[in-house]
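First comes one chain, alone, set out as structure tokens in the form predicted on its own.
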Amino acid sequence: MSAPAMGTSKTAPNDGSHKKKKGPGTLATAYLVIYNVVMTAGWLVIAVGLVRAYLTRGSYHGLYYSIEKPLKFFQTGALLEILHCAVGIVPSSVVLTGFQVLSRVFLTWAVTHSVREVQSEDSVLLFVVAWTITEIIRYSFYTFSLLNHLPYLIKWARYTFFIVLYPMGVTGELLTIYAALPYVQKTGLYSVTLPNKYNFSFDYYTFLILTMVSYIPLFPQLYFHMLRQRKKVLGHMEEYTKVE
């Protein structure tokens, strides 16, 4: 499961009693701006590819094939976010960021890429569209935040669109994994059976089922956490605007 990481954001100034958080250095900031601009552009390419393919075909079926390569490239490129947290240039949790990024990379490569039969499923388009809109907003948010010039519209979109996009993406992810189960069971994909010299067994089919079950406790927690973050950020800004 992949929740759009809410991250940190600037709020309205208060009495000045709180110390300013130290941001990344000049070189790190320049690198992060470039990274986020490239990622924003990459997901825009995916969005344009989806629209062009739909207009050409006149159908939304099988649109995945039109954006397969850029999707794999830019979703895999998100692995750098884990490194950013690990080296300290981004003040986010390595564990949480790793979970969010790796869950998407897993779905991209270990499910959608590996089980080609599911690539034409409508559920794939469902999570791809949700990811695409989410990432365009998210990387734009990070870019403008780093430049200290964050438009309210992007901040509002960042903390509002997830209300629909997150459940939409999760639904697509679950349906795609579910569609992959019969093929995984039939082919024994990524499964390791006994006997073998390592005396180790692994059933990928069962692993996928457990992955689906894990959505039950995790989705509500992440979703309501994001709702609380939205109230904290946008609610605070609205109160500050009224005072002004």
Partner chain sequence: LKHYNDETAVVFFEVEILDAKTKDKLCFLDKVRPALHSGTFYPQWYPARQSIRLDPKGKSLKDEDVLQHLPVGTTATFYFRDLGAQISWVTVFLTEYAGPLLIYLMFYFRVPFIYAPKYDFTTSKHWVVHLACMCHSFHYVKRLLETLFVHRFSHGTMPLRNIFKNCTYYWGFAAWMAYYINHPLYTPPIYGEQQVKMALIIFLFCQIGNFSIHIALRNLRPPGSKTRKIPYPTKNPFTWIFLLVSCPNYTYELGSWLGFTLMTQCLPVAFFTLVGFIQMTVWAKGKHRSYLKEFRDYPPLRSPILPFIL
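Numbering follows the first chain given and starts at 1. Predicted, not measured: the structure shown is a model, and the values here were computed from it.
Omitted here: the form predicted together with the partner chain. The next part is about that form.
The closest non-hydrogen atom of residue 55 lies beyond 4.5 Å of the partner chain in the predicted complex. The shortest heavy atom separation between residue 194 and the partner chain in the predicted complex is within 4.5 Å. In the predicted complex, the partner chain lies within 4.5 Å of some heavy atom of residue 201.
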